[in-house]
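In structure tokens, the next block holds one chain alone, the form predicted on its own.
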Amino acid sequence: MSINATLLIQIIAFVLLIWFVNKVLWGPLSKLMEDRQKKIADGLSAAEKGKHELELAEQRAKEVLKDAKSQAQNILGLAEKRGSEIVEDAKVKAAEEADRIKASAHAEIEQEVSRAREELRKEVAALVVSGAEKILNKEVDAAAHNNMLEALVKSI
């Protein structure tokens, strides 16, 4: 193998080509690849950060949901308690109203009985007066009066 000018020119051309590729193509391509690598790394980092934030958000959401359920159960318990109190109050008021109505009806019945007794006394008195008038207008006969009195008692 002989070293001649062509070989030297080819070596120089090859070196120039390597320098040119390294200067013009390889540098920007390397920088582009580094930028892309950095961008992917940043994206992965952001994704990890987002994933972590998502886990934290889910955990916070679970805690908020748990608190909301607890509050809902408390509110439901209070509502049931208040409902029971309202029902008990209504029962007490209904019992009081029933007692009042019963007492009123009892008083009204007593008043009607008293009125009926009074009317009955008046009728008995009228019948006694009527019987006495009949007795006095007739002869005094014990048997006849006895019969009239018995009839009077039967009519009462």
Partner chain sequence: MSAEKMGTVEYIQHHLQNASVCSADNINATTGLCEGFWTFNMDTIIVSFLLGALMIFVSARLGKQLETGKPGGFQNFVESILDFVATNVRDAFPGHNPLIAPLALTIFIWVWLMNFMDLIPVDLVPWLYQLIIGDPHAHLKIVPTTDLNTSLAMAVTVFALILYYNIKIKGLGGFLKMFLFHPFGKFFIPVNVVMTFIEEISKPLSLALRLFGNLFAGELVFLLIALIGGTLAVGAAALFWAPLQILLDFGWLVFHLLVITLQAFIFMVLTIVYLGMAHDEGH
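Numbering follows the first chain given and starts at 1. Please read all numbers here as calculations on a predicted model, not as lab measurements.
If you look for the form predicted in complex with the partner chain, you will not find it shown, but the lines that follow are about it.
Visitor: Within 4.5 Å, heavy atoms only, which of 115, 93, 36, 100 is in contact with the partner chain in the predicted bound form?
Guide: By the 4.5 Å criterion, the partner-contacting residue is 36.
Visitor: Report the stretch among 124-132, 54-62, 104-112, 23-31 that approaches the partner chain in the predicted bound form to within 4.5 Å, counting heavy atoms only.
Guide: One stretch meets the cut-off, namely 23-31.
Visitor: Using the partner position in the predicted bound form, report whether residue 13 sits within 4.5 Å of the partner chain, counting heavy atoms only.
Guide: Yes, residue 13 sits close enough to the partner chain in the predicted bound form that at least one of its heavy atoms falls within 4.5 Å.
Visitor: Using heavy atoms and a 4.5 Å limit, would one call residue 17 a contact residue for the partner chain in the predicted bound form?
Guide: Yes - in the predicted bound form, heavy atoms of residue 17 and the partner chain come within 4.5 Å of each other.
Visitor: With heavy atoms only and a cut-off of 4.5 Å, decide whether residue 9 touches the partner chain in the predicted bound form.
Guide: Flag for residue 9 set to yes.
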